[in-house]
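This document opens with one chain alone, in structure tokens, the form predicted on its own.
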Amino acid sequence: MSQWLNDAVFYEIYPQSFYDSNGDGIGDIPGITAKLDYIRSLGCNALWLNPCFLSPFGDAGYDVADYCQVAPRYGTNEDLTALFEAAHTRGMHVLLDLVPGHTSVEHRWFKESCKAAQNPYSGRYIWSDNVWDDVARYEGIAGSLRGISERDGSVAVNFFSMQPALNYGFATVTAPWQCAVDSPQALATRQAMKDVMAFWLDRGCDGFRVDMAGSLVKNDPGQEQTIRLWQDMRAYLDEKYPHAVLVSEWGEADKSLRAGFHMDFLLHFGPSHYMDLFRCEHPYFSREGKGDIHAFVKAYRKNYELTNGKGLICPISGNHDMPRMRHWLDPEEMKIAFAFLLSMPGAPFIYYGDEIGMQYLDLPSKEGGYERTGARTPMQWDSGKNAGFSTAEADRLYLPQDPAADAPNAAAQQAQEGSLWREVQKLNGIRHATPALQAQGGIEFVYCQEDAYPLAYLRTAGSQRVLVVLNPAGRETKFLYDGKLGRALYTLNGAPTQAHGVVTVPPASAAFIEVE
């Protein structure tokens, strides 16, 4: 694993909403470059950019029309290369969002595949031989399109109807039109995606966050063929670009790490119980103290053990696919949530604006966002026009901004002692200075009971042992611990005390304490 990844704290940027450098109301790549010092000052040393490639934007760029061309609204390929260079001069790294499972219907590959005459792209997507034979009834296929082309057949889609699924083959072939994973058609698709990665790695990209990484091979219930596919991708990178980092949106770390990914995302859907932490009726990190983290820890432990203690599961403050944390927690509660996120194994990801507690807004859908749209509003930089996001008139902005009189902004919080921004900055600094708190440090849960507080876990690296004690509840709590508490590396709202093996934890508090 690239050594920088062990100490990485990522900042996720939704390009169209981050910073508009040319006054057209849409964020862009030069705008990201202009704000690198802000991101670095927060303590984040790596970026994940949501898709910035040519697209009709039916799904906010996750419907790619050309993997090797930056969308004009964001700038040029040269602008993106300049961003890589500017990040590297600051000791930062950049991951692009790779969407290997599907393209837009506007992609040249798909347009060629729609032709009746055989051509090099006829097998690039998953087509049946007859328009009446629906491909949607097979495992791993979300739906189909029919009656759209001169070509006879139906074509598989991966998510929305404008996202035809690329053909990486079927683990088990059950129909004449299906390709095996080692067929010429499936291998050609695989090579095309290797070429895409090479294109951006040659220009300075440090790797990729891979969208829907486990979705590529169809009719693959155990995902063994998908794992083998990614092992082949990793072998290619190891030979040509050994520095290239891969982080997966998979949600099953035992599979993704075996497949060759460096880290896997902690997903907000499936069996992770992530939503129990920050996004439910009674979040664990609310001071009301009615939450339960037990199911999350049980699921986390299971994944941790399946990866032989690697634990490289990335915790996230949020992302473009879910309502913001601030919808459920206030800024003081979010401080303890960040103490958790920034003291767990794996590389943490901070979604732009979460560091200042940006609100989730109730908005009509934009570019396929639907209920996710309200978490994608323009960044609030200062108290000026459009909160410093753009010089355009308000009605030209990509999305409306928070109209509240007390809407947070970065400049005010940077200047305010005790703000959420300053607390996140402090926590990032402590993580960077403490090997036990970094990505590859070990973890052992010391206290986690059903419907109970606090949460305590031990992080270790070499001889360093750090006990993390988190009590989001607005009441004093206790737990048994037979180790000896030492120097406090970090405290919020008071430090725990110990007497006769009982640790007493102040209300609404967080602490990182060295232990013997």
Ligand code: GLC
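One rule holds for the numbers: they count along the sequence shown, beginning at 1. Remember, it's a predicted structure, so these values are computed and weren't measured experimentally.
Form predicted together with the named molecule: not shown, discussed below.
Asker: I'd like to know if residue 431 sits close to the named molecule in the predicted bound form, meaning any non-hydrogen atom pair within 4.5 angstroms.
Answerer: Residue 431: no contact with the named molecule in the predicted bound form.
Asker: Contact between residue 249 and the named molecule in the predicted bound form at 4.5 Å, heavy atoms?
Answerer: Yes, contact at 4.5 Å.
Asker: I'd like to know whether residue 163 contacts the named molecule in the predicted bound form, with contact meaning heavy atoms within 4.5 angstroms.
Answerer: Residue 163: contacts the named molecule in the predicted bound form.
Asker: Looking in the predicted bound form, any heavy atom of residue 321 within 4.5 Å of the named molecule?
Answerer: It does: once the named molecule is placed as it appears in the predicted bound form, residue 321 has a heavy atom within 4.5 Å of it.
Asker: So which stretch, 472 to 480, 35 to 43, 459 to 467, 57 to 65, is the one near the named molecule in the predicted bound form (non-hydrogen atoms, 4.5 Å)?
Answerer: Going by heavy atoms within 4.5 Å, the stretch is 57 to 65.
Asker: Identify which of 218, 102, 93, 262 has a heavy atom within 4.5 Å of the named molecule in the predicted bound form; exactly one of them does.
Answerer: None of the others qualify; the residue that does is 102.
Asker: Given that the named molecule is left out here, which of 109, 296, 381, 159 has a heavy atom within 4.5 Å of it in the predicted bound form?
Answerer: When the named molecule is considered in the predicted bound form, the option within 4.5 Å is 159.
Asker: Even though the named molecule is not shown here, does it sit in the predicted bound form so that 209, 212 and 376 each have a heavy atom within 4.5 Å?
Answerer: Yes, each of 209, 212 and 376 comes within 4.5 Å of the named molecule in the predicted bound form.
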